[in-house]
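Only one chain is given next, in structure tokens, and it is the form predicted alone.
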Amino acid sequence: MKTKSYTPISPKLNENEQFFKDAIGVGTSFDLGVRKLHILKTDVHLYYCNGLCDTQYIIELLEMLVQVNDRERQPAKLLEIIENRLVHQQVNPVKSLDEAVDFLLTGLILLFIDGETKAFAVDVRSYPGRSPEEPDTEKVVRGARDGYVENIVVNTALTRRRIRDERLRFEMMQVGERSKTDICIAYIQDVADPGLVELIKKELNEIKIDGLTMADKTIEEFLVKQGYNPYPLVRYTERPDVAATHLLEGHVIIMVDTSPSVIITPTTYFHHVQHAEEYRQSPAVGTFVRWVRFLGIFASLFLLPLWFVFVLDPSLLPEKLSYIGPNEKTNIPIFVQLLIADIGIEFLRMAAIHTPTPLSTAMGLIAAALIGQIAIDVGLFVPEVILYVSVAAIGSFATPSYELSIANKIFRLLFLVVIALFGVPGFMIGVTVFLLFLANIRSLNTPYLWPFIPFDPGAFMQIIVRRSVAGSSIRPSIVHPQNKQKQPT
């Protein structure tokens, strides 16, 4: 990233105005403007950016400034008078034009006074956006209906509302030479590992890029250096209650302006298989829901490869399960059918994303009634292929993390290819390599398969069984919390 230049504020307003014209296009860009006032025989310039400012606040400030001519008679103290008349809770002094440019393009208004080398920045930002609503991908039967939005200030407020701890910290920084995107690091000071906080700050400060148009996803790629590993190394959430829970456990949250989802770090594989619904029900119901979800995730990954193994070698099946396998003869190899059907499901998923909501129901009927049934009738697929591919697809949809479901799908297809090439030994080798691959992944120095590898019996039982809140008094050791006790003694 380029070194910040320093251009002092000139006491001559025309020189400052020329700087803004040359640097950011005031007078050329329609959304950047200047309002020129004459107060106590002194020129005052107010710079603003349309669309990012609340016009009502600006009008109120202008009224207060204009009334100075009627109430004051000391031009020598104009700087102090104007500072006192800026009736707003957030007024910052500005000492350089470069800093002023950053403030202006962020949505603050700037006040320059003729003869002064100091200006004022007033925060009257009002970013366009939507109101908090329940995220589509993290719905719950019982629970809060608010969710994060694209405004980072609203997101910090939603989090602060749930954790009113004086030790909760929101540290702001900017990343992107051109975009200057606001990024907030949230953590609880006496809980989060200071080493983790410093590591994340260090990684963010080392990001060198012109802009973050893809917001949090770009930050993730710089932060964890994922490369072509399909498995998610951070967790995304749009629910403030989920983010607050992780903050209390000792995690660090990264919020990026313009993104409705926040990044939870560090995370393991098992963070991606849990859902807020499990904690909105009783421990018994939550455990049942969790086991059903685990079964769906297992089916999404291993059901098709296992069935394909039994198709290639029916002798592996006990006699009572000998009906498993294609009961009809077909001219198309089962492997080809599985690939076509599995990729076809992916076509439908993509089409559902890009199809307007009123048409998505009709698209589903067409896919089920026409494509699926007719494909079976013409002999393109045997019915069992459609059945098992559909069950695997449902398991993918039951996976809480969208990124994890796609990664599992990629490896499911790789398992099918290995089995088609090497048969049963290929399946065994593929699963072994898959587990070794996951065991070697580390996210911000965190083992990806913890608490399974390395094995932690207590933490592993909390993954298998949803314990009651009253019985969970220890924070997860994987985040190295400073204060391990959740419940104060």
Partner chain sequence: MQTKTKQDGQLEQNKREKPMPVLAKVALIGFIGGVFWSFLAYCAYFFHFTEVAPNFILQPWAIGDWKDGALGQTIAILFIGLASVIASFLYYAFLKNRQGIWPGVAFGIGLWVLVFYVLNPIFPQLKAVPQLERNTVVTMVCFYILYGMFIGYSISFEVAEMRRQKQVDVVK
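Residue numbers count along the first chain shown, from 1. Only a predicted model underlies this, so the values are computations on that prediction, with no experimental measurement involved.
Heads up, the form predicted in complex with its partner chain isn't pictured, but that's what we're talking about next.
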Checked Val66, Ile58, Val424, Leu40 for heavy atoms within 4.5 Å of its partner chain in the predicted complex; positive is Val424
If the cut-off is 4.5 angstroms on heavy atoms, which of these, Phe170, Phe335, Phe288, Phe310, is the one near its partner chain in the predicted complex? Phe310
Although the partner isn't part of this model, could you tell me whether Ile163 comes within 4.5 Å of its partner chain in the predicted complex, counting any heavy atom of the residue? no
Does Pro457 reach its partner chain in the predicted complex if we count a contact as any heavy atom within 4.5 Å? yes
Since only the chain is shown here, I'm wondering whether Arg466 would be in contact with its partner chain in the predicted complex (any heavy atom pair within 4.5 Å). no
Interface membership of Asn14, its partner chain in the predicted complex, 4.5 Å heavy atom rule: no
Would you check whether its partner chain, in the predicted complex, lies within 4.5 angstroms of a non-hydrogen atom from each of Lys208, Thr213 and Tyr231? no
Only one of 44-52, 425-433, 24-32, 58-66 sits within 4.5 Å of its partner chain in the predicted complex by heavy atom distance, namely 425-433
Residues of 295-317 having any heavy atom within 4.5 Å of its partner chain in the predicted complex, listed in sequence order: Leu306, Val309, Phe310, Ser315, Leu316, Leu317
